[in-house]
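This document opens with one chain alone, in structure tokens, the form predicted alone.
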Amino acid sequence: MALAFLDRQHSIAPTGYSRWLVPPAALAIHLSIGQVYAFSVFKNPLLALQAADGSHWNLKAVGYIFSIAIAFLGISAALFGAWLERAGPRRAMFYSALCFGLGFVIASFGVSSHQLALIYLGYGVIGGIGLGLGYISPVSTLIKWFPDRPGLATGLAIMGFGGGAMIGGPLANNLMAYYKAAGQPSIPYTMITMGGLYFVFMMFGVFTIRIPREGWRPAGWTPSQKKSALISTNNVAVGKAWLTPQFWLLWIILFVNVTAGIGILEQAAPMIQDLFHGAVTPTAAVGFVGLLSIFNMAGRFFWASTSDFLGRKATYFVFFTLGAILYFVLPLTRQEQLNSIPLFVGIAVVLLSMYGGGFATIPAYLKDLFGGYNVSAIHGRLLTAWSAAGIIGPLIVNGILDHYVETHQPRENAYPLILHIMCGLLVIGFLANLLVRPVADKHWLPTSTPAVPETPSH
């Protein structure tokens, strides 16, 4: 058949293949789909659009575009995680590229016709499915290539997603300026162009991804004999894993970490302009989004790698303790108080590094607790926490902001309340992490498990 090259057996690495050729394939996917983190650069241009009857979209309605995309990221990851284990990463990455590129094209028609539902369908639903498939497809592959450093592996797999805004923000901004100067519809043409560019770039990852042959191990590596209560040498199937208290504690941990991070990320460009009136230009705000993207990406690699030495549980304690303090302090930097843009930016980038680190460390935490057998499928189900956070986080942020606007209060006065809510959420995450214990042996699989996981029973 025409798409037979996507089959799992056609992506098995030959003898002598270097595992360091796999991370670029993962980055090609994650740097593309990470564009969703730069969606805030579209917000003000979309709010400025006027329908035929003179009406405009409000902030909450536009914010739903991002929320739907993140919701379908988690939903599709949960639904297709077990299928990915059997079909292999190449096929999943191809479908990811197809959906993500097509989502931009459909959304462009929604912008042209001022139909928000069409944007929801394109960028939100179809693009969100592309996000989910692309997000989980490299993770278990890199864990298999780097059994000696699972934190490093997940950092490599996921850091590109955090860096996507570093490319997507300036790209969208420059394309909109170019098409506007040429007298063309700037947002629709930008979306079509970006959809095509990302599809081509993601296909590089599709063609270059490889999986290790059965029984492969890194040269000279043997599994560590050092014992840790939270690092299991056994495996748990996805059908059992998601029924354990450990799964739901990690679900809460990811949910609160993401909800808090979205408090900055989803509103990044408008927030810094609101808090520092006239001192931050739109171009500088886009630069701020790019800087957040750099630290989001670097934090994924740094914190996930650090967790190999510090431990996953201790790493999350750092996130939730330091993070809560910084979220409490952040609104005090605004113009009416400390009036320090450098301090605001400095705190924000540290918070975003830990936000990204939370994403990159969670697959290794899952592997520690449940083993590597069904890690993609378990990770996929856990990402429903991201879906929920992608809805709840923007609802909190945009709902409070819209309330302040409707009641004719200054928008910047809403941010202390928003950021202190995020601080409270991190305290909940601290408590959930405190309760994590090893998985009971009654959930373990027999020591002999098939090489390619079957679809779990429910």
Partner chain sequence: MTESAEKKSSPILISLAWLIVILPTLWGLNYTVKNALKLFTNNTPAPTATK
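Positions refer to the first chain, counted from 1. No experiment lies behind these values; they were computed from the predicted model shown. The term rigid core refers to the most C-alpha atoms you can superpose between the two forms while keeping them within 1.5 Å.
The same protein also exists as the form predicted in complex with the partner chain; that form is not shown, yet it is the one meant from here on.
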Inset, instruction - Answer yes or no: in the predicted bound form, does the partner chain come within 4.5 Å of a heavy atom in every one of 27, 287 and 291? - result: yes
Legend entry - Stretch in contact in the predicted bound form with the partner chain, which is absent here, among 425-433, 56-64, 28-36, 42-50 (heavy atoms within 4.5 Å): 28-36
Inset, instruction - Using heavy atoms only and a 4.5 Å cut-off, determine which of 280, 326, 121, 194 is in contact with the partner chain in the predicted bound form. - result: 280
Legend entry - Residue among 156, 107, 129, 271 with a heavy atom within 4.5 Å of the partner chain in the predicted bound form: 156
Inset, instruction - State yes or no: in the predicted bound form, is some non-hydrogen atom of residue 444 no more than 4.5 angstroms from a non-hydrogen atom of the partner chain? - result: no
Legend entry - Distance check, residue 9 to the partner chain in the predicted bound form, heavy atom within 4.5 Å: no
Inset, instruction - Answer with yes or no whether residue 112 is in contact with the partner chain in the predicted bound form, where contact means some heavy atom within 4.5 Å. - result: no
Legend entry - Non-hydrogen atom contact residue 180 with the partner chain in the predicted bound form at 4.5 angstroms: no
Inset, instruction - Enumerate the residues of 17-39 that have a non-hydrogen atom within 4.5 Å of the partner chain in the predicted bound form, in sequence order, or give none. - result: 17, 18, 20, 21, 23, 24, 27, 28, 31
Inset, instruction - Align on the rigid core first; then say whether the Cα of residue 376 has moved by at least 2 Å between the shown form and the other one. - result: no
Inset, instruction - Verify the C-alpha shift of residue 278 between the shown form and the other one: is it 2 Å or more after superposing the core? - result: yes
Inset, instruction - Indicate whether residue 72 shows a C-alpha shift of 2 Å or more between the shown form and the other one, with the rigid core used for the fit. - result: no
